[in-house]
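Look below for two forms of one protein chain, each set out as C-alpha cells: first structure 1, then structure 2.
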Structure 1
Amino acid sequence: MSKIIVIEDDVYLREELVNTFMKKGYSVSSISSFNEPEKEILDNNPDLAVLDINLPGKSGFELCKRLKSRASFPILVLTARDTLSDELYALGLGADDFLTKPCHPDRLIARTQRLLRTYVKVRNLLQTGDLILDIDTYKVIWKNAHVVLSDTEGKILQILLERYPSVVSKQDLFLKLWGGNEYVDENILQVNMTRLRKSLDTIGIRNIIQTERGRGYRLEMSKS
C-alpha cells in the first residue's frame, strides 16, 4: 500500500491525520523533529506528503518549494487559515492540493486517492522548468513536443537535471557513465554531448546545455 508522510507540528492533529490514513490501510509515518525536515522526508521516500503550512522554524511554504524541486511525489497542503492568498501561493509553489483544517476525513482520503492515482503516472519523471524527462525511457517532453533519447544521451541529461543548476564536471560524468575516466577515450563525452544537443534541437530545445570551459557542463533554463 502507498506510503504517506505527515508533516504537522500539533501533536493532536498529527495523530488524527495518522489515524485517518491508517484506518484506510496506508502506511503512514510522520515527522517528529523539525531540524532537518527536508532530509527526513526525502529519506522516507514517501508516495505522498501531507504538509501543514504553519510550521515552527522555516516556513512550510519554503519546505514545499524545496521538496517539489527535488522529488516527484505529490504534496497536499493543509492550513488552519482559510485565506485565498495562502492557497494561491501554495499552488504556485507546486503544491498539488490545498485543504483547510478542520477537514472531513472522507474529503482528505478522496483527495489523497486522487493524487496517488496520478502519481503512478508521473513517478520517475524529472522536471525542471518546462523540461520533463522520463528516466525509464529517456523521453523528453517540452511544450507539447517530445523526443526519445538514446541511453547514453538520456543518462547525461538525467545527471545534468539532477544537479541543476550546478555545473557538473566532466570527471563526474565519466564516473557515472563509464565508471571512471581511465580507460575511455576522453572524446566520447563530447561526441555524446553533440548527439544530445542535436536530439534536443529536433523539438526546439536550444542552448540548454552550457559548456563551462575547463569546469564541465550545466543546464540553463530559458525564462520563456
Structure 2
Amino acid sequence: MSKIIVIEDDVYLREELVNTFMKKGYSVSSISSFNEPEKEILDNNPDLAVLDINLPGKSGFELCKRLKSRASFPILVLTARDTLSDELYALGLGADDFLTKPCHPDRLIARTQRLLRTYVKVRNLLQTGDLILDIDTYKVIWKNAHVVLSDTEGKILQILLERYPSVVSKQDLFLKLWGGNEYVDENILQVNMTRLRKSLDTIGIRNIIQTERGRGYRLEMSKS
C-alpha cells in the first residue's frame, strides 16, 4: 500500500484530501503543525507528498527544494497559486507535478497514480519486509526511520538482501566486495560488518545480521 503525506495548512481542505486518498485505498498521513515540517515529512517516509505552497513559516517552495535534496519520493504541488511563473519555479525546484486548487478528486488521483507508477520504475529498490534499500544511494528505510550507509556497508547489505534468506559465505562477500581476499586483510570484512550493524542500530534495526559459524552471514528478519 502506497503511503501519501498531505502538507496543507487549511484544516478543512487537509481533511478532504486525506479522505479522498483513503477512499482509494492509500495509507495517508498529514501535517497539522508546521514547526518542523521537513523532519516530520521525512520521518513519515512517504511514497509521495502532496504539498501546498502557501504554508506558515517555511514556504512550500523552500520545503520542496530541501526535500528533493534529501529524499527520493515524488512531490505533487497542489496550490491556489495559478501563475505560470509559480508552476515553472516549483518544477525548477524539483516538484514532479503541479496542480491548482480547486482540483477535481479524479484528476488528483490520476496524477498521483501516474507519479507512483513512474517512481516505481525508476527507483532502484530492494525490499524484504519493512526493510528497504535504495541501491543507488544506499539509503536504508525502516518503518519511519532512515540512514544512509557508506558504499561498503551498502554493498554488504545489498548482497545479503539479494540472497535472503540464504547464507552468504565470507568467500562470496570478499569476491563481490574486493575481488577476493588475496590482497586485503581478512579482518576488513568483520570491521565493515560491525560498522553496518551499528549503522542499522541507529534506526532501530537490531540483530538482523546473523553470523553462521563456519559458513558466513545471513539476514534474519524476525530478529529485527
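Basically, rigid core = biggest C-alpha set you can superpose within 1.5 Å across the two forms. Every residue number counts along structure 1's sequence, beginning with 1. The structure presented is a predicted model; accordingly, all values stated were derived computationally and were not measured.
- Here the chain taken from the form predicted in complex with the DNA appears as structure 1, while structure 2 comes from elsewhere.
- Residue displacement note: Glu38 has its CA displaced by under 2 Å between structures 1 and 2 (rigid core superposed).
- After superposition on the rigid core, the Cα of Gly214 moves by 2 Å or more between structures 1 and 2.
- Once both forms are fitted on their core, a CA shift of 2 Å or more is seen for Trp142 between structures 1 and 2.
- Core-aligned Cα shift between structures 1 and 2 at Leu173: this is 18.8 Å.
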